[in-house]
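Quick setup: one chain, the form predicted alone, written in structure tokens, and binding and motion questions come after.
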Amino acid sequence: MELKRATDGEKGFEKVFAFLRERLLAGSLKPGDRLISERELSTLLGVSRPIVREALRALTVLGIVEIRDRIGTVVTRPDVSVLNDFFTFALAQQADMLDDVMQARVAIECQAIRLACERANIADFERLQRALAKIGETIDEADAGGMADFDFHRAIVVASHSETLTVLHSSMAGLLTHSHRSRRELVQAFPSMKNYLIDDHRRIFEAVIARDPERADATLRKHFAIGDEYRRRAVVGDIDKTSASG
């Protein structure tokens, strides 16, 4: 009997979620619109009011709706940071997942930089230029430097003016900032990374400014490959000679 109630509850949740999802996709519901009452929703979907209420609370946690006193349930624009937290907690617990996330990052950023070459405006160029300057200023700092690296790559995605790519990149922000910081820590073992970080990011910036998608894509992919090589060398203990003697 308990199992049946749990199953019914799950089906009820699915009905409420599907109801909202389908109407959002169809455009019949938009942020700011008010949902029909719990009673009407219960009757329409054939789901008990307690299940409707719990489903709406779950949607509130996700930032999809907001329950307001004397008004009812209102559709809101979801906060992408919720996805960021979800990915960070879910993926961080899986072994070797960071490498998989990095592959997804390559796919997102390489497509984003191609679009940025076509769509970027003056504000995007200025944002990239500021981020590039910050990389040089923080070259010896792991925390600030890692964030500067993330901000530069984030600026590329923003310059693509693709909301989907931006949301996907944002959903991985927690894992990506951790990766950027870890890579900046390698500078102590590899002083040659300083020139690599500054020069590579400058070449990427110049390719976007030139609106050359082929050059930008190739430069970015090479940048990722060199970064992976430094990680490999760190694992096998192949550090720069100047670092070892110093």
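Note that residue numbering follows the sequence shown and begins at 1. For clarity, a rigid core is taken as the largest C-alpha set superposing within 1.5 Å between two forms. The structure displayed is predicted, hence computed values, not measured ones.
Beyond what is shown, the protein has a form predicted in complex with the DNA; the following relates to that form.
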Is V47 one of the residues lying within 4.5 Å of the DNA in the predicted bound form, judged by heavy atom distances? yes
Contact with the DNA in the predicted bound form for R233, defined as at least one heavy atom pair within 4.5 Å: yes or no? no
Residue contact check: S160 to the DNA in the predicted bound form, 4.5 Å heavy atom: no
R23, heavy atom within 4.5 angstroms of the DNA in the predicted bound form: no
Quick check: do M102, A107 and G145 each get a heavy atom within 4.5 Å of the DNA in the predicted bound form? no
Counting only non-hydrogen atoms, choose the one of 53-61, 212-220, 24-32, 195-203 that falls within 4.5 Å of the DNA in the predicted bound form. 53-61
Taking the DNA in the predicted bound form, which residues along 56-75 bring a heavy atom to within 4.5 Å of it? R57, I67, R68, D69, R70, I71, G72, T73
Has the Cα of T219 moved 2 Å or more between the shown form and the other one, judged after a core fit? no
Rigid core fitted, is the C-alpha displacement of L56 between the shown form and the other one 2 Å or more? yes
Does the C-alpha of I204 move 2 Å or more between the shown form and the other one once the rigid core is lined up? no
